[in-house]
Ligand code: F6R
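Just the one chain here, the form predicted on its own, laid out as structure tokens.
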Amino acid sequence: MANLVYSEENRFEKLAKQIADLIVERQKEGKNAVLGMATGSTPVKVYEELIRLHQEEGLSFQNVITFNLDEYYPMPAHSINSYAHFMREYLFDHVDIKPENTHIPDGSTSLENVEEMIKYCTGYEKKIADVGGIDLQILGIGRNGHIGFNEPGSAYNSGTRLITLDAKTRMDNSSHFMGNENIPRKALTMGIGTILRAKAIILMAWGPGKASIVQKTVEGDLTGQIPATYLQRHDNVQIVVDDPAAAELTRLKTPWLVKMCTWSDNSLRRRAVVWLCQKTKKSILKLTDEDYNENGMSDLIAQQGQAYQVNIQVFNELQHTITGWPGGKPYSDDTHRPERAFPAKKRAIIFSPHPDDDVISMGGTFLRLVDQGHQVHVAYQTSGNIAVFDDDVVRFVDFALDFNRDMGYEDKEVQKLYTNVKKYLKEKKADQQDSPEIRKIKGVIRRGEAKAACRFCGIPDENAHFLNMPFYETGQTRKKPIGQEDVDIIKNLLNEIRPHQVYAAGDLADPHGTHKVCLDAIFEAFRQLKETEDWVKDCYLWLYRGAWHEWSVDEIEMAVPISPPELERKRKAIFKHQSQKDTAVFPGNDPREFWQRAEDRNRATAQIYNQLGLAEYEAMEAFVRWHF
């Protein structure tokens, strides 16, 4: 491949400028710029920057012709889940592109027989050829390596066609359809051959969920089982990934295998030693000079001394991450502890993106903080009202009706609400958003469950804060960008409590992106408060991860052991969130229940520590400190 870029800095602006430069260059030549367009969350920020360039810097799209990669089938163009709607919402309605110059496979077309299908698909190919082919094709990538909707098994020379969606693809996209059962089973897609005929290609991938497939695409063998590997045959491909998506690439994950390393970086040394332990199946203190020399790490020994010295140093570093006192151990030497001993009793805020992430992700630490006498607050950043099944709404309104009736209260309004809710839900279409009153009911359900979990964990009702950040309240899985109003809500709570500790969700792989937005709001609040508030200097911000990924051992800065009884208490706290029990609305790509994921992940972390020769625990919760 021609170019691989892994960078956090200004990537969206740089990509948008690259597209804009092509458009302007074609304008000067009196020609059209033909762009192949992608959908999904991956290109959204690039499209936002293109809109800004149009609105603020005068970039014109009058000479732009677009061809979209794919569309669900069947799918009416007016549906909010259609890619036609996506393109209007995220780009076309905000720039001066000519409607006749935009082309998207028509998911509403009636293609009742093979001949009609072939005619339609070859016609789409002909439209591309008639304008001289695609100048620049924008791509995302699926977890199974699909580009467009070219699923595993797609042929290298395939053209535009109707395909059956892979089960993994349907699961990954279920959040947009409010459940897997609502996703179309087929899609129209450009073929691999169509994509490869583009003069230039940009593939983008963000987040840890894409790390494994990026590594296989870049470093693996060319195979139809991972269609993205076919890009290796193109001589003008640019792959742009952020650091989490690049994490599995050899040059980043195990750079000592491909180049000489400078081992002054403690985190790199820890990562290398943990990797060596896992490869040799030895604990840290059993590693020998031969182990280092035979596995590409002889320069570490040459720079740092004998294996014994390196082993002891890394062992101590990892040992010092373990603490049964997440709020700091009072009146003790805290030189090698992750948290400070003073003040003995701290004010702590646990930020929870949804009304269950607190107990799922760090329930054991939550309980331990309360048990050790710290003043714990929980801030639920969003209402979580889209993640409740419709039948739960009917059940709770029916309960309210029976409650009023049995208690002798006036129930006319509740009866009216019950009738309206049942009627609305009966007529509700799969792609239709909830009414405001149904969203409010779903929010009340989530709030009640969160309160019950907090009471179980031992904090008073007044320490549970429901922030209802405005960016979330769209009634759809697609949310608004965060604004200053969202940030101010976080700032006001922080200033009110003036915490010594803050815990926040650092898991950026959730299927609907809410965790990332919530974390961005917290980061921005701290950046602004740092300029004016002295208490910020004495506040530690700890990042936990949620139900999808865990910190790797070499990253962990605080590991909190969980005993068997504490793990059982954590499970009971999670069970208070009954609407998320058994089957959640947005399960992501893992069929296990959230409590099962959490326990398996916590046990796996403890097992790794044990395998490295450290103490053996039932389970562990892990945190990384954000230094601001």
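Nothing here was measured: the structure is a model prediction, and the numbers come from that model. One rule holds for the numbers: they count along the sequence shown, beginning at 1.
The same protein has a further form, the form predicted in complex with this ligand, not shown here; the description that follows concerns it.
With the partner omitted from this view, the residue of Gly107, Pro338, Gly140, Pro244 that lies near this ligand in the predicted complex is Gly140 [heavy atom within 4.5 Å].
Just one of Lys346, Lys210, Arg161, His377 comes within 4.5 Å of this ligand in the predicted complex, counting any heavy atom, and that one is Lys210. Contact with this ligand, judged by heavy atoms within 4.5 Å in the predicted complex, is confined among 24-32, 59-67, 590-598, 40-48 to 40-48. Taking non-hydrogen atoms only, His146 approaches this ligand to within 4.5 angstroms in the predicted complex. When contacts are judged by a 4.5 Å heavy atom cut-off, Tyr540 does not count as touching this ligand in the predicted complex. At the 4.5 Å threshold, heavy atoms of Tyr230 stay clear of this ligand in the predicted complex, well away from it. At the 4.5 Å threshold, heavy atoms of Tyr83 reach this ligand in the predicted complex.
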